[in-house]
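Okay, here we've got a single chain as structure tokens, the form predicted alone, with questions on binding and movement later.
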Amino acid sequence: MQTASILIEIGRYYLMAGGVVAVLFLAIGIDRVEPSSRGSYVFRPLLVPGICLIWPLVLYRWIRLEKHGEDAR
């Protein structure tokens, strides 16, 4: 029983970190990473669940594209 509660706590913190990454990425990063998304705000809330699940990959790609620009694609 205690193992299950520990796993649930880990999942909760993982999703909370994903929520923070989603807010930052959708507010700041998506315009820098994908120039064609500038000015399009309606589809951004649709990305939140996906970013919450794969936030380490989103963060990795965002940092990589910020450092290396178009060469990192």
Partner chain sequence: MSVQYMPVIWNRNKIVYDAVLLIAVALYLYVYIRVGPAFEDVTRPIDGAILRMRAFGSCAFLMLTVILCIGPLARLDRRFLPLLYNRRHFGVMTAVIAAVHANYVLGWYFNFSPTDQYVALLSSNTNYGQILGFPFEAFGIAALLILLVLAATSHDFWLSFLGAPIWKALHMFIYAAYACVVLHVALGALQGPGDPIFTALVAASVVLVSGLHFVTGRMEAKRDRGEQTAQASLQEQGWVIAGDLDEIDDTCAKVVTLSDDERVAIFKYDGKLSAITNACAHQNGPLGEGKVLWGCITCPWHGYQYNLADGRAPAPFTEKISTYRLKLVGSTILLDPNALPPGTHVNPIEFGGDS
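Positions refer to the first chain, counted from 1. On a predicted model such as this, the values are computed, not experimentally measured, just so you know.
There is also a form predicted in complex with its partner chain; it is not shown, and the following applies to it.
Even though its partner chain is not shown here, does Y13 get within 4.5 Å of it in the model of the complex, heavy atoms only? It does not: once its partner chain is placed as it appears in the model of the complex, Y13 has no heavy atom within 4.5 Å of it.
4.5 angstroms heavy atom contact with its partner chain in the model of the complex for V23: V23: no contact with its partner chain in the model of the complex.
Can you check whether A27 is within 4.5 Å of its partner chain in the model of the complex, heavy atom basis? No.
Does G19 reach its partner chain in the model of the complex if we count a contact as any heavy atom within 4.5 Å? No.
If you look in the model of the complex, which residues in 20 to 52 sit within 4.5 Å of its partner chain (heavy atoms)? Contacting residues: F25, I30, V33, E34, S36, S37, R38, G39, S40, V42, F43, L46, L47, P49, G50, I51.
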